[in-house]
Every structure is written in C-alpha cells, then in structure tokens.
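In structure tokens, one chain follows: the form predicted alone.
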C-alpha cells in the first residue's frame, strides 16, 4: 500500500490504485479519480452508477460486478461502456472509491 494525495486529501491506495478505505472517498476524490481515468466531467448518469455502487457495496459488502450493475442497478451494459469506456465495472469502482470487482483482471 502507498499513500497518495487525491483532491488535497492523503489516502491509502493499493498496488492497482484503488482506495484501501472506502470511507476516505469524497465527491471531490471521485472527480479527481475520474480525470485520471480520462473522464473529464462526471454527469448525472455517472453519479447514478457511482451512487448505486456505493450503496450496493454498503448493503452487500462486495463491489458490484457489471452484471449486477445491469441486472440490479438497471443500468444497461451499453450505457456502462459509454460512461466508463474500456472496463466499466473496474473504472466505476475506482471512481466510487471501492476495490476492484470480483472477476476483473
């Protein structure tokens, strides 16, 4: 683990750059992480995915997969790929301050 400054806050991240403690997350950190991932502006649609992921994680204790985002979150897979290109579950989880979803490489 390493400490990294994101949006003016010192946080611990794992070797893949995911926050170690989801409670360190803020909306400002999300915006900074999104910019690192090539997403310059988080739209209302992005926030809907992020907020679902955080709520689902709080309830289930596991980072939702792309299948769960689609089936339970009601977000079409095509839309997920448009919002978070090249690995939507992994990118969305990082921006949401959560760990890497199960099954992601």
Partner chain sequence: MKESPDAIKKVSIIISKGSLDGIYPGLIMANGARMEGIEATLFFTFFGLDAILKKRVDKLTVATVGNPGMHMPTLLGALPGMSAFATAMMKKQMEKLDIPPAGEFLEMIKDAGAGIYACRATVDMFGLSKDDFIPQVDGIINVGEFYERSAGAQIIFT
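Numbering follows the first chain given and starts at 1. None of these values were measured; they are calculated from a predicted model.
Keep in mind the form predicted together with the partner chain is missing from the figure; the text below concerns it.
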Looking at the partner-bound form in the predicted complex, is residue 19 within 4.5 Å of the partner chain by any heavy atom? no
So, in the predicted complex, is residue 86 in contact with the partner chain at a 4.5 angstroms heavy atom limit? yes
Might residue 48 be said to contact the partner chain in the predicted complex, defining contact as any heavy atom within 4.5 Å? no
When the contact criterion is heavy atoms within 4.5 Å, does residue 54 count as touching the partner chain in the predicted complex? no
Pick out the residues of 65-101 whose heavy atoms come within 4.5 Å of the partner chain in the predicted complex. 65, 66, 67, 68, 71, 77, 78, 81, 86, 87, 88, 89, 90, 94
